[in-house]
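Only one chain is shown below, in structure tokens, and it's the form predicted alone.
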């Protein structure tokens, strides 16, 4: 009998799956680099060009196959395939590989691999996990070009036995979108992250998935019985009867909890003593809209607009942005959608946005978020015009990221009015009055100046992740200090409390949309600090709603008062956990 083996990765789609493994071997072999004579350079460049054209035809065929499908995964795959086509037209990857053939006099497949590796290194060194996760898409295009150049066969999923669990070195977003949850129970890979498109696809399909499990491919073969826990990120290969029984019980418990939570979908988020709370969703990609609707979100509290700008070397046109935004706004109907303007800079490079500005200027403490947008007002005005046009499809608010001064909000308002005037001259119908404008509270200066910001904003939104990072000067991506990242630090909590109080005094709404909002552990404390709007990942909404419906607001207010008298984060954590245990 095979020995039981355990692997740990990152759980990206909740649920427990059990069944036979289907191991998808990697097509990739070491690409040999060959030096070519100068008179062969043109021939290799022609090989690269032909591989690019073949890749474009392959992607167009895939687009044709999914055109008749209406599920969310197919829709999002359509967006990504469009991005892949754009990357195959005139991207850094293609240009760089072509230049390497000429400069280094190497074969085309080696040039593609070297350029892909170089881009990957840049992305992997980024502290921002959201942007680093876009590496999935770069690798997909680079691998497709290498397959075409080496004529390596591609293993499709059509032959996967029903009830299998896919095991692979890596699954691309396109791979994942083609998985059928009716046929495949789950997936596990050695590579991948929680923020990548592959993870988002898996969550949208409700397919239990674990990514980033080091050593997995060496420990499992097709036919082995495997268990994957998409919540904890744990994988067991060839489990013992006892282990199997344990996880069968866990799976039954999880399914029972899911059924219980689903019954809350259409119920209000209201405490036992009658206080109402608004629960909204954070959205990163349009594919998540099905999850938003299934969770019963009352709106979108944070739509990250960066998805329209990634994996391209230019800025999307006004019309392109309108189409992308309408795909989200139209689904929500009358429920509000809060669109955050571009939050790029620092570890989020979009070369076209720098437009003559040295790359080093876009740092964490440099041109980031609204600062970069105000330095490139033509890009911001185009985005505003797109938002105004798309706003006719629903109810829209505009959120400005990384605000630190009143002047930034005033300048943004002026640009919004200018964008509106241009559209009116073009005969375009726009909302009247214009969408509300709010500021994100992400830096201590903004929190401490919340009273002033509340005078020029229609609403405020606290970004607890960045607020914690900037307050404590701690980078969660740095393994040496990540353990010190603590949103329960008294300084962080006091800034949240001050911002909430400022909004209350100005009688404007305030929400919180960082990770704290989606963790039921913090719900009572956030409500006790005066927050009544929480925005989170769609998958967390029902859990937070359950916590709200179990608690009394009066008790939460009292416990928050006790907590805010403390000076030690450990003591705060104990008081909070004790309160939660009483529920």
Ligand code: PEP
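Residue numbers count along the first chain shown, from 1. Heads up, when I say rigid core I mean the largest set of C-alphas that superpose within 1.5 Å between the two forms. What you see is a predicted model, and the numbers here were worked out from it, not measured in a lab.
Omitted from view is the form predicted in complex with this ligand, to which the following refers.
- At a distance of at most 4.5 angstroms from this ligand in the predicted bound form, none of the three residues 490, 527 and 571 contributes a non-hydrogen atom.
- Contact annotation: this ligand lies within 4.5 Å of heavy atoms from the stretch 434-442 in the predicted bound form, the single such stretch among 328-336, 216-224, 265-273, 434-442.
- In the predicted bound form, this ligand sits within 4.5 Å of a heavy atom of residue 463.
- Although the partner is absent here, residue 368 lies within 4.5 Å of this ligand in the predicted bound form, judged by heavy atoms.
- The closest heavy atom approach of residue 476 to this ligand in the predicted bound form falls within 4.5 Å.
- Looking at residue 340, you'd find a heavy atom of it within 4.5 angstroms of this ligand in the predicted bound form.
- Of the candidates 177, 297, 200, 372, 200 is the one whose heavy atoms come within 4.5 Å of this ligand in the predicted bound form; the others do not.
- 513 is the sole member of 457, 344, 513, 447 with a non-hydrogen atom within 4.5 Å of this ligand in the predicted bound form.
- Taking 2 Å as the criterion, residue 301 does not count as shifted between the shown form and the other one: its C-alpha moves by less than this amount when the rigid core is aligned.
- Residue 173 is among the residues whose C-alpha shifts by 2 Å or more between the shown form and the other one once the rigid core is aligned.
- Legend note: Cα of residue 464 to Cα of residue 196 is at least 3 Å closer in the predicted bound form than in the depicted form.
- Relative to this form, residue 194 and residue 287 separate from one another in the predicted bound form, with their C-alpha atoms ending up at least 3 Å farther apart.
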